[in-house]
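Coming up are structure 1 and structure 2: the same protein chain in two forms, each one given alone as structure tokens.
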Structure 1
């Protein structure tokens, strides 16, 4: 990229410039992402921090800020929805991330072993990720419908009485989880597949020659190599699962009651629908703190396993 812009430089200058660039490669390589972050995130995040200790209202078309200190914590203490929403969120995140991780890894290993039709599986397994969430939510709600949905129609043909799905408070969150697993297993599958495909198979052959069986090869050779990828994948997926929005919004809206209310949906209601910007900002920050606990846990797990070896 430098060569074209330096056409009329002398050889000498060019040489010096490229040496300079090469010596400082690490700095200019990191610069673009720092610029992106500075321009596009500092202002919104700063705004969010300020909001979390303020009240805002439009007065005669102008947004007016009032500093309220820690008042929003008081609101939080009296909020009857947050405990339910947090409980559902944690349950949702733990269940879907575990199920999807196991399925994703299993499918990645199986696909990597399939010689024929691997292209077919790799493509098909990606499809759920390609469909816009608004359509996923709508179509699944249609499929779940008690009166005309295809799921209960199929169960009926099999001689079974279908459950109420999203209308049953005990099943609403499960219904949402089913859709989530269908939708997001692809994500972990893809990352794990990239990891599995980068594995050095020469090592496994050497191990097999030494008499290791298939499970041992995976357990003692592949899994340790895959661990960094798995940790990053789990971390990213956990964050995404905390932010689950469209599919719950469309499938259940958080109901019936608060049986499928999750924190991201509630933040949307508070921050956006009710324009309680300050309290909403506080909830957003608190949720980020909770997610950080998961992230720290994954990093700790990574180091712990590392030390054990």
Structure 2
């Protein structure tokens, strides 16, 4: 009897374990990859935090760490480049994201309404996104050339004198913005187009039958339904714009002076030119915090819009 009871208890325990595993299978299946991603994320962040309160130097082929506490914050406070870099970065992000969002949404609406050659328009608008950033920077640097660039050549044929696009402190950042708009509008166009084409066609037709014109249809039907898509697109593009590096590195190098210096380029200079690894880590953390503020704002805005629907 005792042996039978022990066997029954063992069977019950196995049944309970099997039921538990079956009920939580999705979590067990995802656990390995989640742990792997957590390690890949948390370890670099931990190292960055450690670097931000340390000084590092290569001595006889080895990296030596020296704890300095909050000394890098004092360096940050006295750094004259950081305010200009942050100001240029925020200005760059706000301008290019707003312009690209408007152009991307406009192009998405026009392409979605195209009756013929819609496939051709989509292919053409995707081309800038497919070109490597290094090639884009090189091409536009040649186009901006004062003596031989095609832009100044066209202005010369029109009787105008072309400016020093990337060498003028007042135009350097604007010149980079133009390149960025040309390059990244395609990204927002694709997201907006997917959102526009996913909207129910019956709603707009019913509104037109009820007497609504095109402006009213877009204002009261399309745009409210597109708000979540627009917010997600803006959040993704803001994150990417905040990390702009290659275009400015190739076109202006942050100059003249600090007129086109952005925080990502300055972090690169601090790390690899000045070899101040600890201070560069602090600047990287500062950038991550600022970007997190934008992400939290977009998440709040998305939740607010969803509650209003």
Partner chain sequence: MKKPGTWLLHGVLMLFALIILAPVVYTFLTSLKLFRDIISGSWAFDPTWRNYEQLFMSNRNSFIDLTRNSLVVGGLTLAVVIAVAALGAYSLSRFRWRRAISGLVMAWLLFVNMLPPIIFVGPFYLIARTLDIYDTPLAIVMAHSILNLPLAFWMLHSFFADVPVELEEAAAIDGCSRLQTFLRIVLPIARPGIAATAVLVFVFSWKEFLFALTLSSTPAAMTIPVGIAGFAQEYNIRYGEMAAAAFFATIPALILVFIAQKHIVKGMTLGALKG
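For the two forms, the rigid core is made up of the largest set of C-alpha atoms that agree within 1.5 Å on superposition. Positions refer to the first chain, counted from 1. Just so it is clear, the model here is predicted, and its values are computed rather than measured.
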Correct structure when looking for the form predicted together with the partner chain: 1
Quick one: once the rigid core is lined up, does residue 63 have its C-alpha move by 2 Å or more between structures 1 and 2? no
Does residue 240 shift between structures 1 and 2 by 2 angstroms or more at the C-alpha, the core having been superposed? no
Any chance you could measure the C-alpha shift of residue 39 between structures 1 and 2 with the core superposed, in Å? 4.1
